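Just the one chain here, laid out as structure tokens, in the form predicted on its own.
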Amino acid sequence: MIRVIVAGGGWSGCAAALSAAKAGAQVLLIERTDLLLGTGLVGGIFRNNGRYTAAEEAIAMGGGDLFVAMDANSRHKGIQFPGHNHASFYDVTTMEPLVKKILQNYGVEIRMMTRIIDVQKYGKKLQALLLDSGELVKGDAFVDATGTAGSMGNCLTYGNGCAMCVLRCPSFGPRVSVTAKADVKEILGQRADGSFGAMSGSCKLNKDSLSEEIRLQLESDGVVILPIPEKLRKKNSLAKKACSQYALPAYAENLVLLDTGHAKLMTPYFPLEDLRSIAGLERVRFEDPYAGGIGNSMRYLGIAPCDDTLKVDGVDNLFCSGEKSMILVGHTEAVVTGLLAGHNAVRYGLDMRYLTYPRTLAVGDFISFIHGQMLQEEGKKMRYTFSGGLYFARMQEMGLYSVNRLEISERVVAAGLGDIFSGCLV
């Protein structure tokens, strides 16, 4: 039996564990906190713009379990908000147990509150991960899905300090990169001014702290847009966001609230006193990060160099996914990379040719395009997502954007990848 070890239980790690298990491997998923999904615990947006296409491609490839769960757990569907069409919002308050159950149903072993502190490596091959308990966990192939956000030191150095976000480094310890422990030099994303990292792009407000009128409208419509008084507009703050698809005038001039279970506030942070000066928000409080009045978590501080199969450079049996694999934004983006990384980890164990998403599919063009962009200094200053910005514009120009399920499925079948993730390889 091929044993695949996945480090990190965010959306991409869960997807990697899922695809490896479906391919027939024995899978262990290691998560340092007490909850899966990582930033997905406070995310919630999917199927907006090109993410619809990417999700449907994954479903047609047989890797749609997580998207089906999101659809089933959506609070709102078909929502329009500035710059975004046909969005769905899954309920962040109930999503995590559903995902855990899916993984367990596929036989994935999950170890929570378990920290990796080092690796055992021989030549160009990882042999085991060393846990904080002193246990050595051996595997045939590994997936680094540890992300790029944190630790507290990085948030202090490159941001506004620890914002007490959902990653909860003070309680569960800082992120540990398997790639870095394997002596692979990581890549750092940059901001427009050349400084490193980018701030997470949204905050979450307690819905019960909103006025009754705003709360009821939010729960009914899924979105509320509140004009920001001229004196409170901070037109330069959007450049700090990881989510560049929201760096639009509408977000500088308005507060955009989305109902994901919390009230998702589409700005990296907003001074609490200023926020409470807006009608209907007089009693408002932050749910994530708790210090959302002054800052947010910092990301893109540790990306693994890898090829389009998501194999990490210099290590024969290490793959990566999510933000660890490139400068990407979003849960959909994390899932489609996780599916590929977990599947290829099994192919490594079977000495099979690795799968690459073809560029005739949005998911394939996305990965290849970003990797090409990251070879250039300016490319490291961009943010890439199916939902907006540079890549969504490219997606439309290339004719890859579609909301026609039959068309998308036929494209996947034509590429020879219909139900590729459904079959057992072992």
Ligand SMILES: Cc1cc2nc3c(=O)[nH]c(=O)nc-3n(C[C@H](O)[C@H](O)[C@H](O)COP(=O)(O)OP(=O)(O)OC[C@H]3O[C@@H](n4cnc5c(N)ncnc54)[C@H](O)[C@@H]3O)c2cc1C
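Residue indices: 1-based, along the sequence shown. Everything numeric here is computed off the predicted structure, so don't read it as measured data.
Form predicted together with this ligand: not shown, discussed below.
- Comment: 142 to 150 is the region of 102 to 110, 156 to 164, 210 to 218, 142 to 150 lying near this ligand in the predicted complex, near meaning a non-hydrogen atom within 4.5 Å.
- With a 4.5 Å cutoff on heavy atoms, residue 42 counts as touching this ligand in the predicted complex.
- Remark: residue 362 does not count among the residues lining this ligand in the predicted complex, judged by a heavy atom distance of 4.5 Å or less.
- Taking the partner from elsewhere, residue 334 is found to have a heavy atom lying within 4.5 Å of this ligand in the predicted complex.
- Although the partner is absent here, residue 330 is a contact residue: one of its heavy atoms lies within 4.5 angstroms of this ligand in the predicted complex.
- With the partner removed from view, the residue among 66, 61, 30, 400 that has a non-hydrogen atom within 4.5 Å of this ligand in the predicted complex turns out to be 30.
- This chain is drawn without this ligand; in the predicted complex, the residue among 309, 114, 317, 73 with a heavy atom within 4.5 Å of it is 114.
- Taking a 4.5 Å heavy atom cutoff to this ligand in the predicted complex, the contacting residues in 307 to 322 are 321, 322.
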